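A single chain, nothing else alongside it, follows as structure tokens in the form predicted on its own.
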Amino acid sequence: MFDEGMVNERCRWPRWRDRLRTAEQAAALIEDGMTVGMSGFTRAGEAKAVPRALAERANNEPLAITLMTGASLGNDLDKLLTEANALSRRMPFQVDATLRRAINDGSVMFMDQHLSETVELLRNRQLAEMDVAVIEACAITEEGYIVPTTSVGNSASYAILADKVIIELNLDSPAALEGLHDIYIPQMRPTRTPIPVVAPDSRIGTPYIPIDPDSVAAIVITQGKDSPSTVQPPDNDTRRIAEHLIGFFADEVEIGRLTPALLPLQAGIGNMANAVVSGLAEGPFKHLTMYSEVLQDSTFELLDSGKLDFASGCSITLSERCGERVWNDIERYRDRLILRPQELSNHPGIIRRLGIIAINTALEMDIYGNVNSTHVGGTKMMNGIGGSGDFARNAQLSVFITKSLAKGGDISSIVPFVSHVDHTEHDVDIFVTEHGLADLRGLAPRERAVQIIERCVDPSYRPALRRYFADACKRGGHTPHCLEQALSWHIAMEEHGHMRRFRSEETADAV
């Protein structure tokens, strides 16, 4: 049973009792073949009870839906829905190992999308119309409007566009989240006016999702926490990557191309990007700002250090340790945070207007600067492109980082030619590994190759890539390649699970 007094405090809509349902009753509104939008962005702010009830139903009857979210779901929901065969189609991003296997064996159709585009396609009826939206809320206003929890993602547009809305009112979510959100829906094309975000702290919308209250089909009272992030402390390699990048920023300040406030920062999710942003606290920078997707541990470390003045994102995803500190004292951060819809946090026009410094992680990179963010061996989906393309193409400085080696040195993360291209060489300015930083701005392909090989490749693979580049240059061309040699690196990995034939053991032993 729930505390009705607390519910009355959180749910100020007079008609809420008429819509009160159990998770099972709410899940019964979702029928086979429907398109369902759910809140949730990178393990934050997902509805927690109705998806579980839906998976239980699908275990006992034929039921498969198209599921659209902001990004990945927490609390193993993608796993449970996949195991119940409840997913026929999934978009636009995921991180779950069980779902990943289903995507790669073809049993779930996955649409990998730039995260700024999903609701734009939905709004313009280029995707199937939204039947049901399931949205987690920390409060419901007097008008029946939804106050989201720890993420906005695509929740606002899903709730506005859906025929029916199911609201999960989560009593465990901090009440102090109310007022943190900035919900703004762009106008329809072709008469859309400019989106008036001119700084990370611009507030242009409402602190709630304005929906037609008649579309609310069910309110489910829940209690539950987001899954903590799996971010790990920096290791020696990620520290060196951070040091290289911080040194580069310091040089840019010295030259006069940047100020000590740099430019608004974006950092992709994960250990490496989190470590790099955390490292900025040790640099000679001040009055930093952030305009990003996910606000991670590093965001709050910089806020606590006094180096970061303000952060805008579309979700907050924290480790258990950091979460205990932040969620118990969220009022301390409220005036320095905004959570927006992801079509604004990732909007190409806003990114270009603000002059973002974008820091994202590469799965694989080639000697000319092309980046693979999504596919192992060119065929097997990992997670998805996420927002990296939105930021890389439009940032003032597009930075990609990665460790130079994978699988204990059996694989070079830098190859002659990537097995799948998510970000072309035209969208990459700076590339960093633990060995060094390659500044690719203003360089032709042959010049980029030299910088990347000599500064970023692990020494054990450097001789082989030097030989490859020399052979390719003999054949000529603006971007020299020996395609049969380039693909042999990927063939070796596919056949043997490693690239050791290209590794100089003498060099490897020396380092």
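When you see a residue number, it is the position in the sequence shown, counting from 1. Since the model is a prediction, treat every value here as computed from it, not as a measurement.
Separately, the form predicted in complex with a further copy of the same chain exists; it is not shown, and the next lines address it.
- Residues within 4.5 angstroms of a further copy of the same chain in the predicted complex, judged by any non-hydrogen atom, belong to 470-478 and to none of the other stretches in 37-45, 470-478, 50-58, 455-463.
- Contact with a further copy of the same chain in the predicted complex holds for none of T206, E301 and V326, as no heavy atom of theirs lies within 4.5 Å.
- In the predicted complex, a further copy of the same chain sits within 4.5 Å of a heavy atom belonging to Q396.
- At least one heavy atom of L443 is located within 4.5 Å of a further copy of the same chain in the predicted complex.
- In the predicted complex, no heavy atom of A176 sits within 4.5 Å of a further copy of the same chain.
- Within 4.5 Å of any heavy atom of a further copy of the same chain in the predicted complex lies no heavy atom of S319.
- When a further copy of the same chain is considered in the predicted complex, only one residue from G355, G436, P210, G409 comes within 4.5 Å through any heavy atom, namely G355.
- Interface residue among E425, D235, D163, E243 relative to a further copy of the same chain in the predicted complex, by the heavy atom within 4.5 Å criterion: E425.
- Residues R89, I103, N104, D105, G106, M109, F110, M111, D112 are the ones in 81-113 with at least one heavy atom within 4.5 Å of a further copy of the same chain in the predicted complex, listed in sequence order.
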